[in-house]
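Take a look at this single chain in structure tokens; it is the form predicted on its own.
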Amino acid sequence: MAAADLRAELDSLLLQLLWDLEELESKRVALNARVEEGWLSLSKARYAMGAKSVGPLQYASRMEPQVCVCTNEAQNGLQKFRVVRAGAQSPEEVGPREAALRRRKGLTRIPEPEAFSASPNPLNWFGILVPHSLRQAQASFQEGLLLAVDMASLQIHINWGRSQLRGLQEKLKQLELGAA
């Protein structure tokens, strides 16, 4: 009876693993399409603006990230990746800025420091009126980043499923050897 339950669990885990692999492959195809579309749009922008107008010489001297990749632990103990805007505050950072009491009515007013300043759009490095193809390239690469993060989370889930599958196969093998 235990062998039948183990086989049913093994079958369901194998089906889930195959679904995850199929989803990973579809995301990989979509990622390749987004990256290819981004490079094509970038080359169109270079053609429209001139080869020297879109290149590393126009990058800002101090670059700041627009997004960050963070990890969270899911319910089953696996890591899950997510994309967070660089200026966004995490729930731990939201709250009062000072732990002390403040005087509500008073003559002096203390200016509060700005929490985060919005980072400028990197497209402004190339001028104010940039071609639409440059905006398309930026959107394609941003979508590609989201797909890459989803793929990384899915890959961790697939690796976990493979290890669970191997463990169940070993249990089934031991159960069949013990019954024989």
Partner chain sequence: MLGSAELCFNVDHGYLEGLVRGCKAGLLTQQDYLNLVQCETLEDLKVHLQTTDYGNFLANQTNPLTVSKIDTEMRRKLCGEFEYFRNHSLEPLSTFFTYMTCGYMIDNVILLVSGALQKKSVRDLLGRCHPLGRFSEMEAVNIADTPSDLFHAVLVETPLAPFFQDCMSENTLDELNIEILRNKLYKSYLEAFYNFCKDHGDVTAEVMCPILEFEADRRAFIITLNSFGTELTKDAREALYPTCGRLYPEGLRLLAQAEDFEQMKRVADHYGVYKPLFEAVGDGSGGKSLEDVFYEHEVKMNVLAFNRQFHCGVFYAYTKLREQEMRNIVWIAECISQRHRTKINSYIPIL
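Note that the structure is predicted; figures quoted are calculated from it, not measured. Residue numbers count along the first chain shown, from 1.
Heads up, the form predicted in complex with the partner chain isn't pictured, but that's what we're talking about next.
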Tell me the stretch among 23 to 31, 66 to 74, 145 to 153, 48 to 56 that has any heavy atom within 4.5 angstroms of the partner chain in the model of the complex.
48 to 56
Taking heavy atoms and a 4.5 Å cut-off, does residue 136 contact the partner chain in the model of the complex?
yes
May I ask whether 39, 124 and 127 each come within 4.5 Å of the partner chain in the model of the complex, counting any non-hydrogen atom?
yes
